[in-house]
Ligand code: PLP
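Okay, so here's just one chain, in structure tokens, the form predicted on its own.
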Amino acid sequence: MTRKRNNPETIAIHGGDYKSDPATNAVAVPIYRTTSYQFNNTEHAANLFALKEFGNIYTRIMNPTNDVLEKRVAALEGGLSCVTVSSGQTASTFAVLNVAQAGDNIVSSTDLYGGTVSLFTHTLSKLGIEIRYADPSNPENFEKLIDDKTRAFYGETLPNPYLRVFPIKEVSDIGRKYNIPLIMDNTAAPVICRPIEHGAAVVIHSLTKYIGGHGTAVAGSIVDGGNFDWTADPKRQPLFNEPDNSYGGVIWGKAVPELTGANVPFAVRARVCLLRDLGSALAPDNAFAIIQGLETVALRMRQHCANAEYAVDFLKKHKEVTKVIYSTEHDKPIADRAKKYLNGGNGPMIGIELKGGIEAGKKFIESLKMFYHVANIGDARSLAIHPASTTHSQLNEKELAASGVTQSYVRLCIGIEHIDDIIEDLDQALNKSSKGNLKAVS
């Protein structure tokens, strides 16, 4: 009897039961750089296109390299099925488009990555999907915004830059009273949080970040938890209960469990409708690169979080730092959510505000020697950026305040280098931040 593998260190390497390539016995996952797949006969081809059986049709929809990655990410999150896409931004977009259409709305946390705010507020609104924002400091704020057209709740586990851990179970429990699924972006907290265990129905990732870890490939994923009843209230979830004419009138909420034996209509619809029609496919080369990072994500997250804890202690005592923003540095009950939802570390990201304001922040950034000044998060190397002038620069003052960004805020992504070298670089840059002037960050 094979022991069920629940440990992330093992799942990341062996998840999906891939052992070797059946054609060559190669241990490494091959890159299947192909667009198409040979059908066995006309009946086989017809069955695939009619969804009477599942298999490879075209790499825009599925690919054997991607399949290994999908199975491992699903297992890592404790879900039943995963769809990989071209980026984390695509994952966010697809997650909403898979439940909502023109005239519908979703209720989202105010604590979001700036690019997601722009996607929701400006792009999806042009498609007729309304995004209503709820402050997650009080989970009941989500319930207040529900109406008959509300299709989903949306939140980030460890949102940057606010770094307030999202109340996953509280919001999920509210949603399930109304048959509203909770979609969680777990990009910043793989391994240390498993939102599905706390009631989330769908988990998305920018695999580019901590799961990849090397900053060499862009990718996203959507995990179907298999724990949500999409047919319990047909009026609440019409896309899963009304005939889809693009597939001969199939009703996804009923057909997928009957065909697959698994409650994964969200994943299947995202794959065969959105990937088919919008084409935001993950290239197998990028899937291969993400698999390399995935194998060590559990070890890296342990080191990221341990280093961040040391850095927080150092920064809280530094004379040039007026405020430290971290998952455990908020007032109760928000700080308590880190203990409730994070396991094995309180997160790898830190926010700081400096005594000298925006100019001190810019000089601090330019004085760093080891930290990289990049827009990404989640690399093995330590990173720093000034969000108000970069990642969140498209937001107005009201949106900046809602997301937790001030003009003097600096975001630090603590890497896996030796902690002494991290502290040394922070210290010398902070000491220079109050002296003289350097040119502004472009």
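Because the structure is a prediction, the values reported are computed rather than measured. Residue numbers run from 1 along the displayed sequence.
Not on display, but discussed next: the form predicted together with pyridoxal-5'-phosphate (PLP).
- Interface residue remark: K209 is counted as part of the site for pyridoxal-5'-phosphate (PLP) in the model of the complex, having a heavy atom within 4.5 Å.
- By the criterion of a heavy atom within 4.5 Å, T110 is excluded from the residues contacting pyridoxal-5'-phosphate (PLP) in the model of the complex.
- Put simply, Q89 is close to pyridoxal-5'-phosphate (PLP) in the model of the complex: some heavy atom of it is within 4.5 Å.
- Although the partner is absent here, T187 is a contact residue: one of its heavy atoms lies within 4.5 angstroms of pyridoxal-5'-phosphate (PLP) in the model of the complex.
- Proximity to pyridoxal-5'-phosphate (PLP) in the model of the complex, defined as a heavy atom within 4.5 Å, holds among A219, I291, C193, I196 only for A219.
- Interface residue among I377, M62, I385, I416 relative to pyridoxal-5'-phosphate (PLP) in the model of the complex, by the heavy atom within 4.5 Å criterion: I377.
- Here the chain stands alone, but in the model of the complex its contact with pyridoxal-5'-phosphate (PLP), taken as any heavy atom within 4.5 Å, falls in 81 to 89 among 302 to 310, 81 to 89, 361 to 369, 319 to 327.
- Annotation for 144 to 170: the only interface residue with pyridoxal-5'-phosphate (PLP) in the model of the complex is E156 [heavy atom within 4.5 Å].
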